[in-house]
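Form predicted on its own, single chain, as structure tokens, below.
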Amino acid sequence: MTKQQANWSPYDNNGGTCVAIAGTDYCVIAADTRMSSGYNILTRDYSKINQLADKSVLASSGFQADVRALQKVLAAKHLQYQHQHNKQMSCPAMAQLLSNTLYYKRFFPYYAFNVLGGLDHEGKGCVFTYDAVGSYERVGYSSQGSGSTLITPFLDNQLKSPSPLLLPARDAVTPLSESEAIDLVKTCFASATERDIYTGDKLEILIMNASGIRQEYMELRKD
């Protein structure tokens, strides 16, 4: 008889997928609302999107307990910043803060895979993509989570982000209009939901532009 060993992990992966697309004067951030553990669906209506500041929105997949802890730390640090500087943090500043916060915990990381979207000081859309320990990059579009391996090649095919090695440097924004970007995100998730069991139920989309933030929803497969 073989000896069985009980393994305990402080982490779980609750699945889900996040996507962000930056345009010339807008940013679209989207995520599904399914939260799973193994083959169980824990809830079909859990928002993975969190507004950190007026012009910064965070979408996170991975271990949702760590995501919630990370959001609380960022909210506290942003409140301190507001008291000290009497203004909201810009999206690029928030991107650096998120990187520092993740890197500080690098030996026992937050098991969270983040996409930060918003508008920069020029009003251009900006998207920052992260790994679990704070390495980040400003890009034109990004996907994280269980469906990212399905969505990223599709976005690459449709948007063809300029290489950072190209000179002169080109803006990391997509050539699509706002409505085209929203339609592209809906197509991404409709496709990923067919193949990824951890993505589904409902799609939550935040559209940020100069006039503010609005939300849209789309139903996805429930199986």
Partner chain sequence: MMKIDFSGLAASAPLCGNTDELNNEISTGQKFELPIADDFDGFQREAVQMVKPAKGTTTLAFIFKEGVMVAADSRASMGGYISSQSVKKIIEINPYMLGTMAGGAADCQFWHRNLGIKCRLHELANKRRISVTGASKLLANILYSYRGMGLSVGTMIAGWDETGPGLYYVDSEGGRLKGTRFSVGSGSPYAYGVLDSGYRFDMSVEEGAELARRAIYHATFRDGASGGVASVYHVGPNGWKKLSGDDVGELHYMYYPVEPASVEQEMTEVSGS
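Residue numbers count along the first chain shown, from 1. Since this is a predicted model, take the numbers as computed values, not measurements.
The same protein has a further form, the form predicted together with the partner chain, not shown here; the description that follows concerns it.
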Heavy atom of Asp120 within 4.5 Å of the partner chain in the predicted bound form:
no
Taking any heavy atom pair closer than or equal to 4.5 Å as contact, tell me whether Ser146 reaches the partner chain in the predicted bound form.
no
My question is simply whether Lys124 lines the interface with the partner chain in the predicted bound form - judged by any non-hydrogen atom within 4.5 Å.
no
Quick one: does His85 come within 4.5 Å of the partner chain in the predicted bound form, counting heavy atoms only?
no
Sequence-ordered residues of 121 to 137 touching the partner chain in the predicted bound form, heavy atom within 4.5 Å:
Asp131, Ala132, Val133, Gly134, Ser135, Tyr136, Glu137
